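The chain below stands alone, shown as C-alpha cells; this is the form predicted on its own.
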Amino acid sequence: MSMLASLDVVVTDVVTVNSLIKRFHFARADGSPLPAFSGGAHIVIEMQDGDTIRRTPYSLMSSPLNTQDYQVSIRRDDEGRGGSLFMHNKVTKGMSMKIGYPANLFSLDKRAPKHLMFAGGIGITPFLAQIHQLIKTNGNFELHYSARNEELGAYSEELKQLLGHRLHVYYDDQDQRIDFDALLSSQPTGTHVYVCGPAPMIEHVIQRSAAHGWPDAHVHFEHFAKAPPGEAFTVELQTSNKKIEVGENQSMLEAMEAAGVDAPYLCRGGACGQCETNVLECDGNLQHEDHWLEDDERASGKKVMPCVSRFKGSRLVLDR
C-alpha cells in the first residue's frame, strides 16, 4: 500500500495531554465515516514539511466503534527525524491533511481466553483502542502500564476509572517495576501476551516469554523501527532504471518516493515485510535496522528493507 491510497482529512482538534504528548483528532473532509478498523491498527500520516514529505506511522487510540473520529497521541521526540516535531509545532485545528488507510500488525487474537497486556510510555496508545473493543465483547484482559512518572502516564487516570482492578500502573520515579516473570508464569492456559513500548521492554518480554515456554504465536508486539541517520549513499533501481541519492537523514524508501518511484509499504517501520526488496548487487555493507528479516537473510546480503535500513559502500543495486 502506498499513499496513493490515502484519505483526505481535517484536523478537528489538537489536545495537549502533558509536557511531551499531544492528541490529534481527524475527521474525513467530506464528513463521511472513516474506514472501520480493529484495536491495534495504525495509520500513516503524510506531512508536507516545506519541500519534504514525511510519512510516519502512528497507532490509532480511538474506539473502533466510532468511525467519525480517528485519534492518535504523539510523543514529541526532539532527537527524531522530524515527524513528531512537525505534528507538535505545525499542525493546528482545521488543517487539511492526508492519512493512509488503517492497517493492523498488532491485532487481538479473538480465540484467546485471556489477554495479558504490557504497555510502556507512549506504547499505551494501541491498547486504548483494543480495550474499547474488549469491553464491547466482554473480553478477559488485564493491563500493566509503566511510565516514567505520573505526569507522563498518559491516560492513566481515565484508565483507572474505566478498568478498575484490571489496570496496574507503575511509575519509574517511585521505583515501581512490572514483575514480568511472576506474571508470565502464572497465566491460564491459552493466554496471549501483548507488548508495546520501548525496545528494551519489548525484547525483555519476548525473551522472558520464551523462557517460560510461551508459544511464539501467543506473543504479540508492536515495534516500529526508525530509519537512522548516516552517510549519504547512492542506490541504483534496476526496474525503474534510476540512480538515486539517499540523504543523511533520509531513508531509501523516502528517496525512492522523492524520485517518483511508487514503492510499496505498510508500516514504514521495518515490521511488516511489505517493502522487502531483492538486492541484485552489493559492493559494501547493508546496515539492517528492521524487525522482519531473519538472521540468515540479513547475512545473505540478498534482501533489504528500504524503509529503515542503510548502506555503506561503493555500489548497491535493488530490484525496484
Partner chain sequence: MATSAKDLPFREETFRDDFTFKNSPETVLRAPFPFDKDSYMYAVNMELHRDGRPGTAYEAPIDVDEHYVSEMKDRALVLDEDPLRYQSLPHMTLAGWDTLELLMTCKAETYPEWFSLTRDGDNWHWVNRPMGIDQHFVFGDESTLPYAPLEYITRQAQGDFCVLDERDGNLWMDAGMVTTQADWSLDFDIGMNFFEWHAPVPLAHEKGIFKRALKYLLSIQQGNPARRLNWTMTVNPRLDTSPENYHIWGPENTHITPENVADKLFLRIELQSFWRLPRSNALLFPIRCYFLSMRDLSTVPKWATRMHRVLQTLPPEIASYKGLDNYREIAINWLSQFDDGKPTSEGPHPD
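All figures in this text were calculated on a predicted structure; none of them were measured in a lab. Residue numbers count along the first chain shown, from 1.
Although it is not shown, the form predicted in complex with its partner chain is what the next lines describe.
> Considering its partner chain in the model of the complex, which of 257, 276, 46, 69 comes within 4.5 Å of it through any heavy atom?
Replying inline: Of the listed residues, the single hit is 276.
> Of these, 249, 104, 240, 156, which has a heavy atom no more than 4.5 Å from its partner chain in the model of the complex?
Replying inline: Contact check passes for 104.
> Among 249-257, 282-290, 267-275, 47-55, which stretch has residues whose heavy atoms lie within 4.5 Å of its partner chain in the model of the complex?
Replying inline: So the stretch in question is 267-275.
> Taking heavy atoms and a 4.5 Å cut-off, does residue 37 contact its partner chain in the model of the complex?
Replying inline: Yes - in the model of the complex, heavy atoms of residue 37 and its partner chain come within 4.5 Å of each other.
>> Please determine whether residue 199 contacts its partner chain in the model of the complex, using a 4.5 Å cut-off between heavy atoms.
In response: Contact with its partner chain, no.
> So, in the model of the complex, is residue 109 in contact with its partner chain at a 4.5 angstroms heavy atom limit?
Replying inline: Output for residue 109 is yes: heavy atoms within 4.5 Å of its partner chain.
> Is residue 217 a contact residue for its partner chain in the model of the complex, using a 4.5 Å heavy atom cut-off?
Replying inline: Yes, residue 217 sits close enough to its partner chain in the model of the complex that at least one of its heavy atoms falls within 4.5 Å.
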